[in-house]
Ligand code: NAP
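Shown next as structure tokens: one chain only, the form predicted alone.
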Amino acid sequence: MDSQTKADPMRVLVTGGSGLVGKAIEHVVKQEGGCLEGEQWTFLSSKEANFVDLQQTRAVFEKYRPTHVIHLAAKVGGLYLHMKENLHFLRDNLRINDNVLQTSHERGVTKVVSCLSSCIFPDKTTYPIDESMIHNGPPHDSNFGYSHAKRMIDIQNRGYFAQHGRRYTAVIPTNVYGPYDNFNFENGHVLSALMHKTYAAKKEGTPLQVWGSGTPRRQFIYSLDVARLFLWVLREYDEIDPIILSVGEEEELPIKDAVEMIADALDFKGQIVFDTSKSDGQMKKTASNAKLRRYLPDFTFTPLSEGIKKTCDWFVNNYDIART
């Protein structure tokens, strides 16, 4: 199978290609010279195929005949939407992942790299968390549906390898942010939602209302860094076991500090109010990037303040097309 595949062009299909990470991979491939000779890249948006539907999934695989798949498509949302719709997140993501992985297997896809999330780790655990601890206990109650669906990708990858010899794997980024994120107040990721809120508060001359206490700690990774690491995983990483893509433990910081960086980046001088009546979610999720560092000891991450500034600039300059 491998020798036959290597003789053919490498056709990479990216599901969820119009989202945060998909757009970052597209930028690295097309703008940074990340496309190697003989590679063909296709970036799919949800408009072209709804992967909840098996027939649509099969049709798009038939059309593009990928040899490799980067699987990013998912039903995603912010903390509060997850809390309201855990069952929907569970059912839709189970369908999406099963359709993509099984169709990849049926079509003889050489490698699939799926995107998991740091929220899949147990709520009650020791820190730092690493790749061996994914299934050691239930995830946080706030997004248990999405988390369990994502965990099942790891189980399926092991099954496809054990039963069929498929080299399907997954990455686990910590909190990703960057251009093309969802900047919606309620459904966006924490940094992007805060950027939009700060932008609006500055424009309206009102205080910046931050949901929660600002004390939960997070590791944030810039989307273009994630994209560069995805390409390495696709080409070089041979394990079935997943790998965490994250800045180091020492880079974890309170949400409050990130809010101040956003305020600086957008030149917001108003009052910042933390609404402690809103849930904080998980207080910390400290992840170890020791496995990644064993492979790539010299990889340089974009400093958070720099990445926030670049993302804020993109949001302001592209407000009309940004997901708000």
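Keep in mind that this is a model prediction, so the values were computed, not measured. From 1 onward, residues are counted along the sequence shown.
Another form, the form predicted together with the ligand, is not on view; read the next lines as being about it.
- Checked against the ligand in the predicted complex, the candidates Leu229, Ala74, Ala170, Val109 yield a single residue with a heavy atom inside 4.5 Å, and that residue is Ala74.
- Between the ligand and the residues Phe121, Tyr146, Phe183, Tyr222, the one pair within 4.5 Å by heavy atoms in the predicted complex involves Tyr146.
- Partner contact region in the predicted complex: 172 to 180, out of 236 to 244, 154 to 162, 128 to 136, 172 to 180, criterion any non-hydrogen atom within 4.5 Å of the ligand.
- Within this chain, His189 lines the site of the ligand in the predicted complex, having a heavy atom no more than 4.5 Å away.
- Interface residue remark: Ala49 is counted as part of the site for the ligand in the predicted complex, having a heavy atom within 4.5 Å.
- Heavy atoms of Thr302 never reach within 4.5 Å of the ligand in the predicted complex, leaving it off the interface.
- Although the partner is absent from this view, Cys115 contacts the ligand in the predicted complex, with a non-hydrogen atom inside 4.5 angstroms.
- For the candidate spot formed by Gly19, Ser45 and Lys150, every residue has a non-hydrogen atom within 4.5 angstroms of the ligand in the predicted complex.
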